[in-house]
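Next up: just one chain, as structure tokens, the form predicted on its own.
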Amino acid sequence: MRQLNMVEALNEALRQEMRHDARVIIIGEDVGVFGGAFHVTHGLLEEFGPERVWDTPISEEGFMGIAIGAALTGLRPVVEFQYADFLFSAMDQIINQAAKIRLMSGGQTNVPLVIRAPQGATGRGAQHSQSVEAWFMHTPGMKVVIPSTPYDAKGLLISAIRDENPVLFLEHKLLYGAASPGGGAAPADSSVSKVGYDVPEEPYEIPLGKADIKRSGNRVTVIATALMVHRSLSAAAKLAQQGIEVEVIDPRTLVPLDEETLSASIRKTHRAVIVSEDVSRAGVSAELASWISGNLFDYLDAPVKCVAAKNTPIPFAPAAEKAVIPQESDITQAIWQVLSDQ
């Protein structure tokens, strides 16, 4: 088994799917000659040519519309946005077109496309650091995928490309790894225990809607996404030294949500902490807390605790950004609080 970082795993998934299915194309800014803003599409132009790797102008609404049209006429586009923050420039195309066409056509046509976008706070200020998943969880017709490891990223991206629905595929920039195939710098984070993960060389699918138990435990269920999975695992490892066994679950896909796995864990532990980097108000943690309280209330021995970003634009200054984004200490404190609540 080889060790790959997330950039390498995503690149391999794209390459293998483009070899497998001639309908798969890449669309976006700098995806060709430059190899992508974080080098995820490095080398694809050289192998597949400009007919299948399309460098676009800086016009998110424009190239999103092109991708929808391409999907409607039989292709399977993978659209790369340089930052998830820029999705908002194409919201009409994504929300009112891609997500709705299948229903509005009475199922006569599908929009099989994937929108890839890097997100998360990485010292880039308020317009390049947002976590946007809750906006699209709210959109009927869209699937939302948010991997936390290279192994998950490859399998989930292959599944997303083969899906008949529009899929938003969000990648945290701090999980890309320290280096990329193109030699370009990509951010790393001390919370991530290791950059490389075992990733099979052959193509494989991870079903959308299937969570993964990253660590088993019986005292508290922690549901975490993306970078927060790693911070939760770090907190859980330290608590285990004190005899507190925490179960950490990564939903991997927010839409569809693996309610069965989450329910089974909470029925076992009777306590839940939800950790997400998006804002607390009307965010992922709020939605999951509402679902848990509405469906598993009788199994809870303590109120659900949410750990999320503060309701403020992400600051540029490192110390201010750290104060806004959940840290390992915040997760540990929340776990102790649900353990002490009766």
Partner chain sequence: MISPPETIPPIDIGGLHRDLLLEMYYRMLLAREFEEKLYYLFLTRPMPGTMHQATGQEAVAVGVVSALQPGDYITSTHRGHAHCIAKGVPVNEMMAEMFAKRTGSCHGMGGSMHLCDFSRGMLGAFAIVGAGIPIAVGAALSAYVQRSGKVAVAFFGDGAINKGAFHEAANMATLWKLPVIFVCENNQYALSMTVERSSAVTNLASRAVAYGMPGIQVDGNDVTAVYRSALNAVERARSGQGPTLLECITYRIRGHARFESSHYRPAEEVETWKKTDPIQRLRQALIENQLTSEAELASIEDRVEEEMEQAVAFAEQSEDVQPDDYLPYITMEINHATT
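Residue numbers count along the first chain shown, from 1. Just so we're clear, the structure is a prediction, and the values are computed from it rather than from any experiment.
Below, we turn to the form predicted in complex with its partner chain, even though it does not appear here.
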Worksheet item: Do all of I25, R102 and M142 end up near its partner chain in the predicted bound form, with near meaning a heavy atom within 4.5 Å?
Response: yes
Worksheet item: Are any of the heavy atoms in R124 no more than 4.5 Å from a heavy atom of its partner chain in the predicted bound form?
Response: no
Worksheet item: Going by a heavy atom distance of 4.5 Å, is D278 a contact of its partner chain in the predicted bound form?
Response: no
Worksheet entry | Residue contact check: E61 to its partner chain in the predicted bound form, 4.5 Å heavy atom | yes
Practice prompt. Would you please decide whether L72 lies within 4.5 angstroms of its partner chain in the predicted bound form, comparing each non-hydrogen atom pair?
Written response: yes
Practice prompt. Considering its partner chain in the predicted bound form, find the one stretch among 293-301, 307-315, 32-40, 46-54 with heavy atoms no farther than 4.5 Å from it.
Written response: 46-54
Response to the item:
With the partner omitted here, the residue among Q93, Q119, S148, T253 that in the predicted bound form has a heavy atom within 4.5 Å of its partner chain is Q93
Worksheet, complete the sentence: Among K173, R271, R76, H230, just one has a heavy atom within 4.5 Å of its partner chain in the predicted bound form, namely R76
Fill in: in the predicted bound form, residues of 199-216 near its partner chain [heavy atom within 4.5 Å]
E205
